[in-house]
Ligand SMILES: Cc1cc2nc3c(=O)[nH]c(=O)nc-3n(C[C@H](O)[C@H](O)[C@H](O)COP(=O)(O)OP(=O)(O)OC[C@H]3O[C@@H](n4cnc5c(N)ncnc54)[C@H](O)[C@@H]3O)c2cc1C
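Only one chain is included here, represented as structure tokens and corresponding to the form predicted alone.
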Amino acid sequence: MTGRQLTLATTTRPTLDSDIAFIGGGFRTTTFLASAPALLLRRVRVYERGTTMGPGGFARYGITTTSIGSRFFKHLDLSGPFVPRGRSSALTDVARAEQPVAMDRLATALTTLGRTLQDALGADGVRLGSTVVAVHADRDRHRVDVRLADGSTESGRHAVLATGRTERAHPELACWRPKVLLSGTVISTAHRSETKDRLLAAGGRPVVVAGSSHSAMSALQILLDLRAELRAEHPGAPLPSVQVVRRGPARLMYDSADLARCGQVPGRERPFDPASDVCPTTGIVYRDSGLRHRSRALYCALWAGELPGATLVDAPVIAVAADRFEEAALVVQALGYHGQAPDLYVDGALVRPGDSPDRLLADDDGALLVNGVAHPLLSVLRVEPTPLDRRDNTAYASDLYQRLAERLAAQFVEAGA
């Protein structure tokens, strides 16, 4: 066993509320626990700020997934409490899909899986409507305290951060902040009517999308759909064009190096580098960072000038396109996501405030890295986007679920728990 697996001592300790506390009950927690049913024999407690376990933010997105449906459930273990789910069409239809699916179908499948987990964990194992504001890890006491927004504190042996990602106001867009919408707002079904009203109110002034990522292409698709609706509902009304500002050529995903070599178009995308851009496990090019499926097709059509009312603008830094942002009636920020987490304390010291711009770094087995050292009581369940140095030529985190489950199980064996 590794050093961090030996840190759970076998001495008598005060009774704790849980063996494993999951901070967040969305996609990652749900699919991880569904991949390791044996962990449900432990005292698991899930803290979810929403009203449903499973779908997380996916329930709000009116778009199509950027990966094929089966990838979301590739680790699913239909044993133990999950046996009945093998007969659920809502789940199996997505788990077997070899093409992208509507996000509401994915959310429904995750909700189905989440209900199974809620039944397995019981009323004491799932805390819905609970916002965690701080996590305190004490190595000497072999204990993690979870502090909630209502002022209460609960304790556990180990905490897994599965708090998802968020968009933060980008500093390069600060001077246009009053007219900036986050891409997550644009693709949200809850804000569709509001966004549509703002397009109509634009009076023909353009909308600028900052970024050319998956989130940018998803926002672009929604804007084009809303424009088409407005054209039908308000014939003759001036409607905005959409300008997509890219900071550099995009990365496009190819199924193989051969397809990349023959399919590359100069200026449209970043040139293919066989030394760094091929995943050694799958052979796929731009494995972790490339545009794919509908986003890829939309970007290629945009670059080729085949989208009426939409244009692509090159600006290595936002300031180069400042005049376009000034003119715009609305700016959509699609410049990336950041991992979110509560305040994190280690042995009484604040090591990362919740609003920190620093990434939540973790070992390959999910152990949180604090000052470069793996912490024995805290784990991170793929919160941050793929690290820049792990893009493309690696199947990043492909075995994270298995390695994390094995590490957690080993800790309890060592503890005699």
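Heads up: residue numbers just count along the shown sequence, starting at 1. As the structure is a prediction and not an experimental result, all values here were calculated from the model.
As for the form predicted together with the named molecule, it is not shown, yet the points below apply to it.
Taking the partner from elsewhere, Arg49 is found to have a heavy atom lying within 4.5 Å of the named molecule in the model of the complex.
Proximity of Pro376 to the named molecule in the model of the complex falls outside the 4.5 Å heavy atom cutoff. Residue contact check for Gly366: none of its heavy atoms lie within 4.5 Å of the named molecule in the model of the complex. In the model of the complex, His75 stays away from the named molecule, with no heavy atom inside 4.5 Å. Shown without its partner, this chain lists Leu113, Ala260, Leu291, Val132 as candidates; in the model of the complex, only Val132 has a non-hydrogen atom within 4.5 angstroms of the named molecule. Proximity to the named molecule in the model of the complex, defined as a heavy atom within 4.5 Å, holds among Arg141, Arg177, Arg71, Arg205 only for Arg71.
Stretch-level contact analysis of 152 to 160, 334 to 342, 279 to 287, 301 to 309 against the named molecule in the model of the complex, using heavy atoms and a 4.5 Å limit, identifies 334 to 342. The partner is not shown here, but in the model of the complex the stretch 41 to 78 reaches within 4.5 angstroms of the named molecule through a heavy atom at Tyr47, Glu48, Arg49, Gly50, Pro55, Gly56, Gly57, Phe58, Tyr61, Ile63, Thr65, Thr66, Ser67, Arg71, Phe72.
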